[in-house]
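Just the one chain here, laid out as structure tokens, in the form predicted on its own.
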């Protein structure tokens, strides 16, 4: 195998003989000169072939893999101000032609076709920009929490019963028993928080909901925290700080990607406004929306709320108990309302959280009230019988946050290999 350097490094070493390698983005003939634009993970460079004896006799097609040995030089002709003059061109592997998807600057292929050929779609500038930004969001999330004293945990993805109640689980055989794919790391992160105090996780979760909307998938990545000696307000403060930190980091470190996506990223102001569920219902009713206390908000109503509140990001708090999971702590003076919140950013819910119940007797009561069986949660409930402090936490959907930051209309564009009711491959 040849020893190569990345294209961006080659540009910084003009006059030095080096080898670059990558994919043929496009070619052009001009009289007795051939131009090859080569792409790798760091960028593109124009290879200017004046000695046509160096050019492969079979020609070059888009996405052929080649290695080019030669020298970079300053140029007034090439768009990037640098071009590469070859001494040798090696065809490493040919690509079948024509390509099944358009991976040019503006893709003309349908989303379903792009997802069918996802590995090729990853090479398109906009798709690469999406996942560069997602990678930045993820690494910044981990970095901020680690620096602020949180311990990363690894909860199981195979569970014995529902994490949050309901029937939207994927069942699978587990030796002589039935098991389920985890709806949430909820129960496990709570059990970790009452010992480690401040924990976080990034984990896949599965929900067997029969939705087929632009904002839902059946497998997503969650970014969660759980914190002991905290209530809902305490973890809302953590959420708004980390979200703004992540967005600022993307704006600082991904300017080219944002430019590719034509995004002017708006950073919300701190602190986020707190709007109670009841206030939100009244605001929507005054605006002519057909909604009553106890209803959940539709996606259009979430977007309408953003317009009514007048903020890019805000919290909806103090929800009806019927709308939230059994572990949500009820208000002592009104048990039909719980210490729960959603974070709305860009007109879409990106996060939800609650203060959790840490008293076993109350937990059993709320589980039963949801129509579930406390005995199915006994190992979880018992965890709070041995000195469990008050605690709270939240979850951010990675793909949904990426969707808002990148300005995409369909969450499938922001998931590398999306899983929904129809799609199991690739």
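Rigid core here is just the name for the largest C-alpha set that superposes within 1.5 Å across the two forms. Numbering follows the first chain given and starts at 1. Here the structure is a predicted model, which means the values were calculated and not measured.
Keep in mind that the form predicted together with another copy of the chain is missing from the display, and what follows is about it.
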- Query: Does at least one non-hydrogen atom of residue 351 fall within 4.5 angstroms of another copy of the chain in the model of the complex?
  - Reply: no
- Indicate whether residue 74 is a 4.5 Å heavy atom neighbour of another copy of the chain in the model of the complex. no
task: Examine residue 119 and determine whether its closest non-hydrogen atom to another copy of the chain in the model of the complex is within 4.5 angstroms.
output: yes
I'd like to know if residue 33 sits close to another copy of the chain in the model of the complex, meaning any non-hydrogen atom pair within 4.5 angstroms. no
Within 4.5 Å of another copy of the chain in the model of the complex, do 178, 388 and 421 each have at least one heavy atom?
-> yes
Assert contact residue (another copy of the chain, in the model of the complex, non-hydrogen atom within 4.5 Å, options 331, 170, 85, 144) equals 170
Checked 249, 197, 312, 296 for heavy atoms within 4.5 Å of another copy of the chain in the model of the complex; positive is 197
TL;DR on 278-286, 315-323, 149-157, 250-258: the one with heavy atoms within 4.5 Å of another copy of the chain in the model of the complex is 149-157
Of the residues spanning 319-358, the ones with some heavy atom within 4.5 Å of another copy of the chain in the model of the complex are 355, 358
Core fit, then residue 378 C-alpha moves 2 Å or more between this form and the one not shown: yes
### Task
Using a rigid core alignment, state whether the CA of residue 26 is displaced by 2 Å or more between this form and the one not shown.
no
TODO: Indicate whether residue 364 shows a C-alpha shift of 2 Å or more between this form and the one not shown, with the rigid core used for the fit.
DONE: yes
